[in-house]
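Next comes just one chain, in structure tokens: the form predicted alone.
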Amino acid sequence: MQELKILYLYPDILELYGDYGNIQVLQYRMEKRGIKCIIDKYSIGDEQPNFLEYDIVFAGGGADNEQSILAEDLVKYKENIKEAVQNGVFFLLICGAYQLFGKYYKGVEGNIIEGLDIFPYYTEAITDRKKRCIGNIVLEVELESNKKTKVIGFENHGGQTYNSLSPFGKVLYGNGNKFGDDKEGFFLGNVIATYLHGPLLSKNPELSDYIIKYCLDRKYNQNTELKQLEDTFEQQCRTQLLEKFLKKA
């Protein structure tokens, strides 16, 4: 039996807006295909994980205070994380986790939270706490060469992210990395860092399957053909949402 291992970072702290749902979706879609899904969790005080031992590393969103606490803990694993990224381990990073993997996050009061500096972007919060990029969002993304798809999510962030040299997608509806931006997130073949909550994967089966296929191909050194799942309901929901949002764009 094929198996994939997921490392879920700080589930007790980084879990805004139902981000754990992303893990549940991955597990469900794996097990429907007979793929064993192993989920390990890590939080402050736990035994040190080896990021290289995992196929997927997931971290969700959190507020400024949580990010400050986690940055001090996560930096201990910077070199291990960098090596895992370079070795092709898949990283799915949502909102606060997205920010933590950049150069730094500058808070409302001007305080600097040093990031892991794994990726070149940085984030600065708007001083007006009431002003946020919030609402539904639709992206056009190219997960594979010449194969575009639409990704639906929900964004809620005061931080404005700059210098994302390899964005996740083009904004068709919503704000993106900052107010009025036409780009959102950060993307490498094995890294998706994004502000999209929702949870993201429940609204985007194709994105879930991209992650699963990537990990299987990498682990078993083969071109995996995933068994098709019954996604009629999900696709009907997507069609209605896309028609609603893009009509407003």
Partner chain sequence: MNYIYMIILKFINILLKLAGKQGGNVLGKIAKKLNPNFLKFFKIDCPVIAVTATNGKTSTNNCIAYTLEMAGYKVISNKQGNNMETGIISTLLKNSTITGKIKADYITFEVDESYVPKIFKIFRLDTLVVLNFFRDQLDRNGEVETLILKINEFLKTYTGNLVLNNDDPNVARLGQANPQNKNIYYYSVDKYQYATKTMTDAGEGKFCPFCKTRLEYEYYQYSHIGKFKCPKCDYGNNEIYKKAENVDLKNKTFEIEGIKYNINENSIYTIYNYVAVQSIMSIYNIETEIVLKAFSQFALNNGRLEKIQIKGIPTTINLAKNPTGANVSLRLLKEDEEEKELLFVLNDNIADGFDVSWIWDINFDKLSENKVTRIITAGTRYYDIAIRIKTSGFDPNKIIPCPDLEKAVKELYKTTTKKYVIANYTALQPIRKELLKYK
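Numbering follows the first chain given and starts at 1. In this text, all values refer to a predicted model and were calculated from it rather than measured experimentally.
The same protein has a further form, the form predicted in complex with the partner chain, not shown here; the description that follows concerns it.
- Proximity of 16, 25 and 233 to the partner chain in the predicted bound form is complete: all three residues have a non-hydrogen atom within 4.5 angstroms.
- Contact between residue 228 and the partner chain in the predicted bound form is not found at the 4.5 Å heavy atom cutoff.
- Though the partner is left out of this view, residue 132 does reach within 4.5 Å of the partner chain in the predicted bound form, counting heavy atoms only.
- At the 4.5 Å threshold, heavy atoms of residue 5 stay clear of the partner chain in the predicted bound form, well away from it.
- Taking non-hydrogen atoms only, residue 77 never approaches the partner chain to within 4.5 angstroms in the predicted bound form.
- Figure note: of the listed segments 216-224, 201-209, 180-188, 50-58, the one touching the partner chain in the predicted bound form, with heavy atoms no more than 4.5 Å away, is 201-209.
- For the partner-free chain shown, nothing in 78-107 comes within 4.5 angstroms of the partner chain in the predicted bound form, judged by any non-hydrogen atom.
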